[in-house]
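As a starting point, one isolated chain is supplied in structure tokens, in the form predicted on its own.
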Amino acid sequence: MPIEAVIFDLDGVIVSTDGLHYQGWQRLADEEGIYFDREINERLRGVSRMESLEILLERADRTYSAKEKQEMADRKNGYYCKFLHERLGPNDILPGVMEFLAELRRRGIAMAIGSSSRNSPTILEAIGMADYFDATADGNDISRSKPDPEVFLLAARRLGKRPEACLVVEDAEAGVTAALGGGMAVLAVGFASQDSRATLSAPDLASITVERILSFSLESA
């Protein structure tokens, strides 16, 4: 079956916001007196904000109420959004992305964003890609974040494509799990490129061609 659509995760695939997330979580942890480092931060990749907070709180020396947890999550997101507005721009688009997207468009392949982040609209606006994709699905649209496949299945529906005709591009293990759970093939890049479950792997989008992807038979996935 030919690939009819490609669904992209946003953070770590299209643009790098990892450093801004880390700075936001680190500031929150410092304020609460909780130990936090980059190794812990890696565990937050691809999961929701509240799930990320629960991981951070594993090192806390007291129990937080649900109301306190929501306030902390909102506080971290406030820091992150401030950093997005101040520091993110088109120069943060990852290597090979624009060339890859342009070639997909030239070949008539539908493209969507499938991200667990509720900040996707802000990120796309900041990098000048707010209207670039044929459809978007993000954390504002779903009730279950990755590794649940909901966001990718919604993106496929918004494109009018069957899941089995879609290829997902992901940089997180949770995203690979979500795509496979939704019956889609997966191109794993970045941190997920070592995931043996992935249909295809590459360090980044500069390291693989659209021709290579389109020549791949989804029936072999």
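Don't overthink the numbering: it's just position in the shown sequence, from 1. These numbers were taken from a predicted model, which means no experiment stands behind them.
What comes next is about the form predicted in complex with a small molecule, which does not appear here.
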- Item | Partner-facing stretch of 100-108, 125-133, 85-93, 72-80, counted where any non-hydrogen atom is within 4.5 angstroms of the small molecule in the predicted bound form | 72-80
- Query: Is there a heavy atom of Arg49 lying 4.5 Å or less from a heavy atom of the small molecule in the predicted bound form?
  - Reply: yes
- Heavy atoms within 4.5 Å of the small molecule in the predicted bound form: does Arg162 have any? no
- Does the small molecule get within 4.5 angstroms of any non-hydrogen atom of Leu44 in the predicted bound form? yes
